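In the block that follows, a single chain appears as structure tokens, in the form predicted alone.
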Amino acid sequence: MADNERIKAGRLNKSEIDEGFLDLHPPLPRSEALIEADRCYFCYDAPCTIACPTGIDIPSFIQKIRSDNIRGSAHTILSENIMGGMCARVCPTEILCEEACVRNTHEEKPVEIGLLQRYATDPILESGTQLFERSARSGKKVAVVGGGPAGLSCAHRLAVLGHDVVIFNRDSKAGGLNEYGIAAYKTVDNFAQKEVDYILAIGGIELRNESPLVSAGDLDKLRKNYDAVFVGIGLGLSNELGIEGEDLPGVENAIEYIADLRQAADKSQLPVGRNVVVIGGGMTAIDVAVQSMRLGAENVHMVYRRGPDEMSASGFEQALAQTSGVTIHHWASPARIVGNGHVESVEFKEGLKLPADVVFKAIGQALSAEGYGALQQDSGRIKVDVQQRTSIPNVWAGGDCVAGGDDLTVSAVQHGKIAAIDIDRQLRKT
């Protein structure tokens, strides 16, 4: 972030910042977990399971919690979603399983499925207890491009099925957005890496960090050297506003700042503006706005061009921002960013003008097509069928980089799982 006297570290002391970045949803103790599990009706054809993108048998895992069978409960979860620990933390359960819960009425709240899922999976991941074994080695080798949720999910399922996997990961750590792009208060105590370690511990997976694909020739080489290729590269480019002043110092990409924050050894050393303006209405916009407040910004304004019902951030996330001190403005589109050597304000088409030391762009990301131009695309993302197959034989794709997705960790995990099952099916034929 650009140097400016209005942008500085240490607006709050370390203890205040640490307090602001505690676990957003503290884990349930056993007594509360058992009470919550007792609230489940264990529905036949449970609507919560239908609403889960990975199809976890939710009544089954909750029933096992009731009988203190934590290992069995975790196995039910992780069999369908190997990243069930992270999804228990970051899934918008309020619009998925918990919204579908039959207890979700005006008179009572839904069963806290996310917290129960965390209750079951945390002990397994913390202890490193392996719940899965590899099948006999198939002699086949699969390249996975991208070490995020889709790639890790695909790699784990392939390894369980007996195939050898090499993950080519762009970053210095695996995990993708789980490691670099999610608010720090949602995944404390280095949980993202604990989950990566658990996934890799199955064996048969080689992780090559700092190994991006940079040309179409790289993809061709993988197709020649491996029996199958899975592409889970996410979205590498931040969308631009396309307005005057966007190149001024102090105008930042939200996702890059969140990555810096997630990797910071001491958050009190992160610079933060006094007046922060966030442009966008999704989860990334909420995350950077709330974290700016918790780092000591005095005023944070989040501005979205449509109404609250059209924001991709859930109602819970919007409420979190507001209760954290963020002011949300709707129906306002930026016209230009004003400044003399550094951003000073943002003017909107509707007449709104906000002072700003820092402006965060959080209007979505786009696919970096470099190296993947040969794959047929739809609306700027890789086109796949229901089995996650791309337009090129023996190449599958999943996660945020594919068309029609909802940019959720849980959906990326499902894409990777579906692709792995289909890859296995195809490899067994050869």
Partner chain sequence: MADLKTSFLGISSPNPFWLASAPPTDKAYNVNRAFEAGWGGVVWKTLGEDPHIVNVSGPRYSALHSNDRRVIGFNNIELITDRPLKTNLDELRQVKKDWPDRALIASVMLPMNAESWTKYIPMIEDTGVDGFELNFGCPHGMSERGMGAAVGQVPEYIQMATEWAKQAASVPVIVKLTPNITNIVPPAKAAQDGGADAVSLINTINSIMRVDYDSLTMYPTTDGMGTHGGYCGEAVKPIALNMVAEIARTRELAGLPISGIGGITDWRDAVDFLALGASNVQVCTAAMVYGFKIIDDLVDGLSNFLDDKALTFDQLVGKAVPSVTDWQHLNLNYIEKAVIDQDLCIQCGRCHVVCEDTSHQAITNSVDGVRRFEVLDDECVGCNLCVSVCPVDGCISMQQLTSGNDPRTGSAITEEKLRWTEHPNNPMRKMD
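Numbering follows the first chain given and starts at 1. Computed from a predicted model, the values in this text were never measured in an experiment.
The same protein also exists as the form predicted together with the partner chain; that form is not shown, yet it is the one meant from here on.
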Point to revise | the partner chain in the predicted bound form: contacting segment from 102-110, 218-226, 278-286, 82-90, heavy atom within 4.5 Å | key: 102-110
Check your understanding: Between the options Ala366, Ala51, Cys43, Ile392, which residue brings a heavy atom to within 4.5 Å of the partner chain in the predicted bound form?
Key -> Cys43
**Study point:** The single option of Pro47, Pro27, Gly55, Gly405 touching the partner chain in the predicted bound form, heavy atom within 4.5 Å
**Key:** Pro47
**Study point:** Touches the partner chain in the predicted bound form: Leu34 (any heavy atom, 4.5 Å)
**Key:** yes
Review point. In the predicted bound form, does Lys383 have a heavy atom within 4.5 Å of the partner chain?
Key: no
Review point. Though only this chain appears here, would Asp38 touch the partner chain in the predicted bound form if you measure heavy atom gaps against 4.5 Å?
Key: yes
Practice item. Enumerate the residues of 151-165 that have a non-hydrogen atom within 4.5 Å of the partner chain in the predicted bound form, in sequence order, or give none. Key: none
Study note, to complete from the structure: Assert for His106-Tyr44 (C-alpha, 3 Å or more) in the predicted bound form vs reference form: pair closer
